[in-house]
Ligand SMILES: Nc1ncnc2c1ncn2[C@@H]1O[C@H](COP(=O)(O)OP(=O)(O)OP(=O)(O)O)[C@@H](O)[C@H]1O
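The chain below stands alone and is given in structure tokens; this is the form predicted on its own.
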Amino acid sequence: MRPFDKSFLTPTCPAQREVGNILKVTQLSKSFTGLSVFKNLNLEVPNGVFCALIGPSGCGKSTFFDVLMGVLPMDSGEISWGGRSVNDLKHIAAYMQQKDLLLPWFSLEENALLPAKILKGQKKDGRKAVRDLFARFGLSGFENYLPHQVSGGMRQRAALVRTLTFDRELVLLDEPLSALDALTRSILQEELLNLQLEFGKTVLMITHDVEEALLLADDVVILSSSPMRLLERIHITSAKPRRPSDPEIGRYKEIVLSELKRELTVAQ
């Protein structure tokens, strides 16, 4: 029996949302040397939705993203985008991994300009977009610094700018704000939300921060311990921006934490 009443939750209803490209994962499986990371995993993310994935450490969330992006091959299953089956999302999604992966011999600005250089063959328009994002993310004045000359948090912000510079409808973020201090993290949560709302991108984000998930996401997907499976999907109807002090956020937080604690207890 679950300890909290969930009657106030509104189930996700993709049919009620704006029609557009939909990410659909069907019966996706991945294992390493016989150890199943996830098996027959199903997930659907409608157009323009911010979906947060939250689950125990080591459950397979990053591996899931790597399979989606073609970094690792799937064992079985299907990935589709906009109703079309694809091998992976590497030509469809922008992907930010946990490590910043900045090139050490390029400045922060040149690192952030890589998408414009690769995809468009020239950097003139991209430079203005990057500098606008640098201003929003508190990096103005550091454009010409090399990665080793700035803090880990600043490198993470530069990597986030680089990811957003890709002109992609779908964005995959693997704990994009985890390396930041609390104040910077709060500011960038607001900016990330603003950018998603402004440009209507579909976002799939891994986070271990329950409050962060509830403040940013339309849907929060709770995942189990390995082998990873979907435990619960919560659709949050309250308007954005949200505040941690909102009563509804507090009720959601209790539910998510209760589900995660119960799963960890079962897994032990």
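We number the residues from 1 along the sequence you see. Just so you know, these numbers come straight off a predicted model, no measurement behind them.
Another form, the form predicted in complex with the ligand, is not on view; read the next lines as being about it.
- Screening 234, 69, 59, 41 for any heavy atom within 4.5 Å of the ligand in the predicted complex leaves a single hit, 59.
- Only one of 186, 149, 98, 140 comes within 4.5 Å of the ligand in the predicted complex through a heavy atom, and that residue is 98.
- Heavy atoms of residue 221 never reach within 4.5 Å of the ligand in the predicted complex, leaving it off the interface.
- The ligand is not drawn, but in the predicted complex it has a heavy atom within 4.5 Å of residue 175.
- Residue contact with the ligand in the predicted complex: residue 28 places no heavy atom within 4.5 Å of it.
- Using a 4.5 angstroms limit between non-hydrogen atoms, residue 225 is distant from the ligand in the predicted complex.
- Residues with any non-hydrogen atom within 4.5 angstroms of the ligand in the predicted complex fall in just one of 238 to 246, 209 to 217, 44 to 52, 61 to 69: 61 to 69.
- Scanning 21 to 37 for heavy atoms within 4.5 Å of the ligand in the predicted complex gives 32, 37 in sequence order.
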